[in-house]
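Shown below, as structure tokens, is a lone chain in the form predicted on its own; questions about how it binds or moves come after it.
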Amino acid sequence: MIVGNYLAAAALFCLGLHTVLTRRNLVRMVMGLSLMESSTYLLMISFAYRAGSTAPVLLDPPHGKKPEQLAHGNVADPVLQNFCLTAIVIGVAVTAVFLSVVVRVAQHYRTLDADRVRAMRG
């Protein structure tokens, strides 16, 4: 299952990279960058996975278990999950900034074609 996640993350990254490198539309380029971000989220969550693990925080321990016993048990790594949540929030903000720049470029140059924007340098 984990190898499938790694392959899916690699495929998602390659799809985003292909979109960024081959598309001339600025909105599609931003979408490709977003796909590349999503692949890193999948990769980080895959690194945090442990087979047969439990949640790192339990409100009530399972019947017959003490909290001290759970601390030494097989739990998922919460640090990478927290990093992933933080990265998602930052990624949404960065995507919003990219899209606002695209809107301003479209208003100024009246096009979303990256080649035409490059050709209009003075």
Partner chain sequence: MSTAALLPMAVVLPLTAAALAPLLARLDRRLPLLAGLLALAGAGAVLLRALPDVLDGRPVGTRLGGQAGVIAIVFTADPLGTLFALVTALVGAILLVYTLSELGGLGGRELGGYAALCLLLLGALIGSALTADLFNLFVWFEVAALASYGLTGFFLERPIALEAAFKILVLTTVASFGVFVGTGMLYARHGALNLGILHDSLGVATGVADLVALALLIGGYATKAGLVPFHTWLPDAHTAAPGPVSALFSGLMVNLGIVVLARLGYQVFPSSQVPIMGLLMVLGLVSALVGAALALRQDDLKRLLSYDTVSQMGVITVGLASGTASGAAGGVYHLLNHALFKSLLFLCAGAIVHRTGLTNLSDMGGLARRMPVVAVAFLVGVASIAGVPPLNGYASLSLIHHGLETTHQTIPAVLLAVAQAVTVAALARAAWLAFFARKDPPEFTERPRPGMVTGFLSLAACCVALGVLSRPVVEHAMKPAAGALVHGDLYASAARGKVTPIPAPDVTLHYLAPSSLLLTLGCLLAGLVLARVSGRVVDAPPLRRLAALHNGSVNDYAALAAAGTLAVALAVLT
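Predicted model only: the values in this text are computed from it and were never measured. Positions refer to the first chain, counted from 1.
Quick note: we don't show the form predicted together with the partner chain, though the next part is all about it.
Although the partner is absent from this view, Ile2 stays clear of the partner chain in the predicted bound form, with no non-hydrogen atom inside 4.5 angstroms.
With a 4.5 Å cutoff on heavy atoms, Ala119 counts as touching the partner chain in the predicted bound form. Contact annotation for Val102: at least one heavy atom lies within 4.5 Å of the partner chain in the predicted bound form. In the predicted bound form, the partner chain sits within 4.5 Å of a heavy atom of Val20. In sequence order, Ile90, Ala93, Val94, Val97, Phe98, Val101, Val102 are the residues of 88 to 102 having a heavy atom within 4.5 Å of the partner chain in the predicted bound form; the partner itself is omitted from this view.
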